[in-house]
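So this first bit is one chain, no partners, the form predicted on its own, shown in structure tokens.
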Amino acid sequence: MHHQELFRRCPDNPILTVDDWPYPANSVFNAAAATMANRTVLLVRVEDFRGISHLTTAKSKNGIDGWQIDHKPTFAPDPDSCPEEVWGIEDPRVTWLNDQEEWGVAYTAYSEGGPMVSLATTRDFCSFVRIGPVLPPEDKDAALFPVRFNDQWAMVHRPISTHVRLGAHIWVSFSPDLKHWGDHQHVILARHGSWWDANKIGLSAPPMETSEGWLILYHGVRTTVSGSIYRLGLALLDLDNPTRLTHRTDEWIFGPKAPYEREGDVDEVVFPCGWLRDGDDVRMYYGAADLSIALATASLQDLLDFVLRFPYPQRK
């Protein structure tokens, strides 16, 4: 039986490239996604010709074309006030925080000590209030949950350990105030051996609340003799306890196939930082080969039906 990818590529892909940009840039990719005032809003990672990234807002009525893009960086690194941003800010994920009535933005601040997790908030994707760095290097691929658990905010992230057995796994941590984080627990472990998600995994889009649990879209990195391949899988976390993994796909559900995904600044990469749900429709916005932004769509029910086929064995 032919393996069927659960997401269908938009025929207009890639939907955003540097050719669309109102100012000079090397590449546009890895965008967070939100819906505001009946418009799709992308917070796009833009890499300049120094190799340093900033974030720029793009808006569209249909989420496919007709993008209105800010004419200068919307959220730029501020290394004078925020030394952790000296080498740029990357890979944002945004979550609507119900209690605060604003979006929480988790992003990678690239410090001299390595990449680390920083947080900010926004109400309009025009101005941003920095909470600041919250987790030390090396840590990235972070996103907030939209609700609190026992009065605690929760965040998914991906620290890296040099310890041979630890590697790069997905963790969840908790905070009373979005600033101070603790109670760190690893939740999804990278597999070992020849798996598509061996040794290095990380969160892709933010957790999505569903009737079956928190749907997690994550990337796995397969290291080959010719380089790495970034593919996507699914997991489910318990609705009331996001540190409890209930299901995880054995197989990947989406990987680089199209030419714009296979060849670019970094070959063989699909890297979503945002997805949007409208009823049963899920729109996934992803960076393609670290060069452009593409869109793929899926049925939420199809995603859930698939991940539910892979119950995760609970530890005794």
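The first residue of the shown sequence is 1; numbering continues from there. Bear in mind the structure is a predicted one, so any value in this text is a computation, not a measurement.
Below: the form predicted in complex with a small molecule, not depicted.
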*residue 157: heavy atom within 4.5 Å of the small molecule in the predicted bound form?*
no
_Contact flag, residue 91 vs the small molecule in the predicted bound form, heavy atom cut 4.5 Å_ = yes
_Is residue 252 near the small molecule? Define near as a heavy atom within 4.5 Å, in the predicted bound form._
no
*Hey, in the predicted bound form, does residue 55 get a heavy atom within 4.5 angstroms of the small molecule?*
no
*Contacting member of 200, 148, 130, 244, with respect to the small molecule in the predicted bound form [4.5 Å, heavy atom]*: 200
*Could you work out which of 64, 36, 266, 258 is the residue within 4.5 angstroms of the small molecule in the predicted bound form, going by heavy atoms?*
266
*What stretch, of 36 to 44, 267 to 275, 55 to 63, 244 to 252, brings heavy atoms to within 4.5 Å of the small molecule in the predicted bound form?*
267 to 275
*Can you work out whether the small molecule is within 4.5 angstroms of a heavy atom in all three of 153, 184 and 238 in the predicted bound form?*
no
